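What follows is a single chain, given as structure tokens, in the form predicted alone.
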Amino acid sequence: MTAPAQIEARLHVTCGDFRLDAELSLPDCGVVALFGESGSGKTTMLRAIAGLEANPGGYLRVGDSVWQDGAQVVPVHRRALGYVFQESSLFTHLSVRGNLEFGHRRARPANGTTPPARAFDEIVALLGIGPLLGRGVGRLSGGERRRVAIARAVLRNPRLLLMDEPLTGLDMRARHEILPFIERLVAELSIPVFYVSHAADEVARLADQLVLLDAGRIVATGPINDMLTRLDLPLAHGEQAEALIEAVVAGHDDEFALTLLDFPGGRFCVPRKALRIGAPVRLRILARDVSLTLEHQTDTSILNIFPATVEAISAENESQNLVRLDAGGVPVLSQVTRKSTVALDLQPGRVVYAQAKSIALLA
């Protein structure tokens, strides 16, 4: 079998007192989230990939296209990429249609590494901006401007899409309105996306892979749920410690208005959602909402109970521990007291039953 295409990068960027030294090897598909504190190097990494920051002696390959190999550098305007900045950067003297046509005229021709350009009307429909085409940019809301900016970047027929905090500055309602459009775009177009955000909920909903940055260095990379549940990483600790689970809609319980979701470790029940059977979904379970027992409880109001094996235990503070569980190959976190750890004799290899008191469907 042919190995899947990769994005390979060696980035060495100096900006004043800041230096980015990073090496990446990631699948050439899905959404890669760059995550870290302010000043960790997320935007600098995007700009280096775009060719907007000098990368002396670096290397960058996207699929079969080499954009830099040492001193041989493909200039910015010849890189088949789309870039969505924190500000929408639309041309105010053009209508929405004019902005989109500007991007469409600069679409990269299809070849061995760039897919055929998508039709103008298809991108407009995917982002739901058909009613906006005749408007001037000044008459758009913040959320509408972001959708138009995303559409213009995609109409360039990019090989790679870079998104630098595209929802920054929007209120919660606008953010939740745009996220489904971004999900649809990623699913329909199969363009690899590098996505920068400070918002953990955006990352949890969109990302397939996560790159954790700190002070210009990569701390760790990997599939998002593995990264969120690794006890050696800061992402797995604190009140918002969580696990993400990929599940499939198995059916609906009409009598009790529930939707049934299967994952490798068992089945979940959530309040009924209008989802087709077989549809993939992503779930979020906070560690603080998962309790542990040694027997499968039957006299409880908790519906979502599944067997799991203790993988590792980490002390959170003097009274609490964090337990990483394996549920059918899926990592899950549970926050328990030290007293409960002793009472249940929790240790690696111990088989337990995890009880999820609350589950969020990320859709």
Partner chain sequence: MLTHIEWLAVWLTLRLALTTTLILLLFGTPLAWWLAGTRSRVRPIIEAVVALPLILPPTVLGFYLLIALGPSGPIGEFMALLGGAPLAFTFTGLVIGSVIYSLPFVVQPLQSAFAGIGQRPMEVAATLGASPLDRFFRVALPLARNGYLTAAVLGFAHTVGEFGVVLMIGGSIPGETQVLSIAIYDNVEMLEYGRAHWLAGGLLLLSFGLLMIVYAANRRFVVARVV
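Between two forms, the rigid core is the largest collection of C-alphas that superpose within 1.5 Å. The model shown is predicted, which means the values in this text are computed figures rather than measured ones. Positions refer to the first chain, counted from 1.
Below, we refer to the form predicted together with the partner chain, which is not included among the displayed structures.
- Interface residue remark: Phe263 is not counted as part of the site for the partner chain in the predicted complex, having no heavy atom within 4.5 Å.
- In the predicted complex, none of the heavy atoms of Ile178 sits within 4.5 Å of a heavy atom of the partner chain.
- Taking the partner from the other structure, the partner chain in the predicted complex has no heavy atom within 4.5 Å of any heavy atom of Ser190.
- Using a 4.5 Å cutoff between non-hydrogen atoms, Tyr83 counts as a contact of the partner chain in the predicted complex.
- For the partner chain in the predicted complex, the listed stretch (182-190, 122-130, 215-223, 84-92) containing residues with heavy atoms inside 4.5 Å is 84-92.
- Residue Val76 is the only one of Leu233, Val76, Val248, Cys269 with a heavy atom lying within 4.5 Å of the partner chain in the predicted complex.
- Contact with the partner chain in the predicted complex, judged by any heavy atom within 4.5 Å, is made by just one of Ala315, Ala312, Leu52, Leu303: Leu52.
- Residues of 19-50 placing a heavy atom within 4.5 Å of the partner chain in the predicted complex: Arg47 alone.
- After superposition on the rigid core, displacement of the C-alpha of Thr92 between the shown form and the other one amounts to 2 Å or more.
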